[in-house]
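First, one chain by itself: the form predicted alone, in structure tokens.
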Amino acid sequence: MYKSGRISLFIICTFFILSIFSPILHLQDPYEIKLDSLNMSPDINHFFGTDNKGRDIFSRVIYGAKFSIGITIVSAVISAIIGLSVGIISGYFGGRIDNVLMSLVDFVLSFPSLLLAIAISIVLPSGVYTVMIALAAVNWTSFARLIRGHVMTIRGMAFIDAARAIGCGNLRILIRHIAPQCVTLSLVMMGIKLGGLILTEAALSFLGLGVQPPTPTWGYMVSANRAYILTSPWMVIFPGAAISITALCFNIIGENLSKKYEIN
């Protein structure tokens, strides 16, 4: 990975680690309402200022990282697992199985991803798991298409024919011989998709369809404080900057991985 990718990975890991260990870092309580500290601008006691309820924005941004980043990464992993499974089966067996599975992929792709994620979030009860399901449901198709194409190029190679010749069944070939050949491709695709996933998660939270308050997520913080953007802009700037920086870092990591493994 290039230097820019390592720096981006360091920034994301720092965000996430600070969030995980925030209770022992003695940060201010991100939920505590202080009526004597409403709408305070950034200072030595409140690095990012306070919101309209007197809550420390720095603590809320740090604490919210484990939800915004965690949901994004878990959703990408779920998408990769589903897409890997569908892509391998479709590419290996071909024929009717391939037609059915690719028709399902085309059906999902016929919907705008954000609108489909919103629809799923509306139908299911609001919460962390619903956001993960919604994000995974609209992103597994990219993995499936990519893996299918790769499997179709390797299913006729000599090592697959050799595995059949010594009596390996289809399941063993899929698990022991084909799946390992697709893992790297899936990881690269995950890196490419993470930037878009965190923006989609922020959009759902902004619309009130993500993790519900008072749990702080970056998208919700921007939504809840947007009315104060002219009088107290720090309420929106800092969580918005966290979203932008993280999305940029994920995109840089994905670009680095795609260059390293020569994937377009």
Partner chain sequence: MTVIEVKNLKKYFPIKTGLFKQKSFFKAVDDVSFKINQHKVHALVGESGCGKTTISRMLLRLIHKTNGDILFKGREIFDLKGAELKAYRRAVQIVFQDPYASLNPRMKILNTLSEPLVVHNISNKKDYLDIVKHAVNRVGLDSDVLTRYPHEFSGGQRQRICIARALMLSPELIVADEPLSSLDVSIQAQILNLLKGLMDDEKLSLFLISHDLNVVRYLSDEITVMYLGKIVEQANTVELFNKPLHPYTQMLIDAAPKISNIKKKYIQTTETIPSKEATIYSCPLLPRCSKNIDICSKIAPALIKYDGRLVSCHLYNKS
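Worth saying up front: this structure is predicted, and the values here are computed from it rather than measured. Numbering follows the first chain given and starts at 1.
Form predicted together with the partner chain: not shown, discussed below.
Residue contact with the partner chain in the model of the complex: Phe107 places no heavy atom within 4.5 Å of it. With a 4.5 Å cutoff on heavy atoms, Ala162 counts as touching the partner chain in the model of the complex. Contact annotation for Thr130: none of its heavy atoms lies within 4.5 Å of the partner chain in the model of the complex.
Arg145 falls outside the set of residues with a heavy atom inside 4.5 Å of the partner chain in the model of the complex. A heavy atom within 4.5 Å of the partner chain in the model of the complex is found for exactly one of Cys168, Leu174, Leu101, Ile82: Cys168. Comment: 151 to 159 is the region of 151 to 159, 71 to 79, 115 to 123, 84 to 92 lying near the partner chain in the model of the complex, near meaning a non-hydrogen atom within 4.5 Å.
In the model of the complex, not one residue of 92 to 125 has a heavy atom within 4.5 Å of the partner chain.
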